[in-house]
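Presented as structure tokens, the chain that follows is alone, the form predicted on its own.
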Amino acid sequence: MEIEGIKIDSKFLKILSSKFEKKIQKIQKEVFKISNKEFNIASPKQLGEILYNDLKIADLKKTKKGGFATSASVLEDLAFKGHKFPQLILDWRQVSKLKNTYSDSLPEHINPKTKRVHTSFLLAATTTGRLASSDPNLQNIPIKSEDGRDIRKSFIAEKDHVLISADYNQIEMRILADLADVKELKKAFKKNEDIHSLTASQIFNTDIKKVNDDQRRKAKAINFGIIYGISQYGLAKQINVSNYEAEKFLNSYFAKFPEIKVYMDQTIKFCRKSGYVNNIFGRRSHFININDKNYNVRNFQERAAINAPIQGSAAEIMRLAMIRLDKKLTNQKTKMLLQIHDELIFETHKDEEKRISKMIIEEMSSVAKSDQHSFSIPLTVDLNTGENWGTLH
């Protein structure tokens, strides 16, 4: 994958950079209008003075080193309370990052000989076994924002070729259902039901057909949050409800899926005693500070210990799938180019597209059927094709 690289439309990126610059200027105008003066938005010191001394949006918060607290989490908290100014700063940071990290700098990474961008994949940079991409990092391009999707559109296929995206469908939720033996979730996955609608129907006590978009959105946040050991406070912030409501949702969730609570408690208990957890294939992740006296350190390690067997198993399944596919693609026109968490990107000639797409789905969905672990839930793969990465979702 590193040697193959991926083609990039540098002209399109140049247009994007110009669009982002206009957007940054527009946000800056709004920021300066509220602050009644111009300042360096990128400077935590100057931003802190405006935030705490001039606008007095919040009580003074300092970092451990004594500077003003202007981190994303601090600004998100203030924006969550309805303040426009911190939200504008967050927007400014996001667009500036996309411009500096991607639209401005990606063309500099184009290899003059291959005319493609070649990322490096780090094999042992994460505790869970996931691959990490660097120089440039192609795994962190946001997909939820329109600006992020625009960056993805700059990744293109060669002439007469298309890109294929093969994405494991809700693999971490499937692994959680398997690990914790969650009867309701396993049943739903086997029936190919929408898991977020099912969760919403369970926690809001409503018929699955009557679940509305807002209920499904909240259920989705809980499903994904559970995997990362989300707190009631974290959930409240994410779905824009009070701490009390978030706690109610979580309690209702555990009442409907009690096996998940048992899994979480047992995992923490095992890790406290052993100092590590295993994924379904036996890979260990060590958490030596899980019994730390400091609550924050201990809490972080507990959440990581709950997540490691889930994310680690997903990482292992992906690696096994890549090894299988690499063997199958020998002497084919199709090349595997990128791995982004639960998704693989391929480039294929149009005359191979149908045959290769079928083979990719077969190999990826059958990878967990092994002697090491009898996976109790089918793995499904969502496959999309297009001229560029942005059209694949």
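By rigid core we mean the largest C-alpha set that fits within 1.5 Å across both forms. Note that the coordinates shown come from a computational prediction; the quantities given were computed from them, not determined experimentally. Numbers follow the displayed sequence, beginning with 1.
Quick note: we don't show the form predicted in complex with the DNA, though the next part is all about it.
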With the DNA left out of view, choose which of N205, Q266, N296, N111 has a non-hydrogen atom within 4.5 angstroms of it in the predicted complex. N296
Of Q87, N251, N291, N140, the only residue with a heavy atom within 4.5 Å of the DNA in the predicted complex is N140
Residue contact check: S43 to the DNA in the predicted complex, 4.5 Å heavy atom: yes
Can you work out whether D342 and the DNA are in contact in the predicted complex, taking contact to mean some heavy atom pair no more than 4.5 Å apart? yes
Quick one: does T334 come within 4.5 Å of the DNA in the predicted complex, counting heavy atoms only? no
Please tell me whether any heavy atom belonging to R116 falls inside 4.5 Å of a heavy atom of the DNA, as the geometry stands in the predicted complex. no
Flag this candidate site as yes only if F80, F189 and F257 all have a heavy atom within 4.5 Å of the DNA in the predicted complex; otherwise mark no. no
Only one of 30-38, 64-72, 345-353, 359-367 gets a heavy atom within 4.5 Å of the DNA in the predicted complex; which is it? 64-72
Would you mind checking 72-110 for residues with a heavy atom within 4.5 Å of the DNA in the predicted complex? A72, R93, Q94, K97, N100, T101, Y102, S105
If we fit on the core, is the Cα of L383 displaced 2 Å or more between this form and the one not shown? no
Does R93 count as moved between this form and the one not shown, where moved means a C-alpha shift of 2 angstroms or more after fitting the rigid core? yes
If the two forms are fitted on the core, does K328 show a Cα displacement reaching 2 angstroms between this form and the one not shown? no
At a change of 3 Å or more, would you call the C-alpha separation of V74 and K293 in the predicted complex closer or farther than in the form supplied? farther
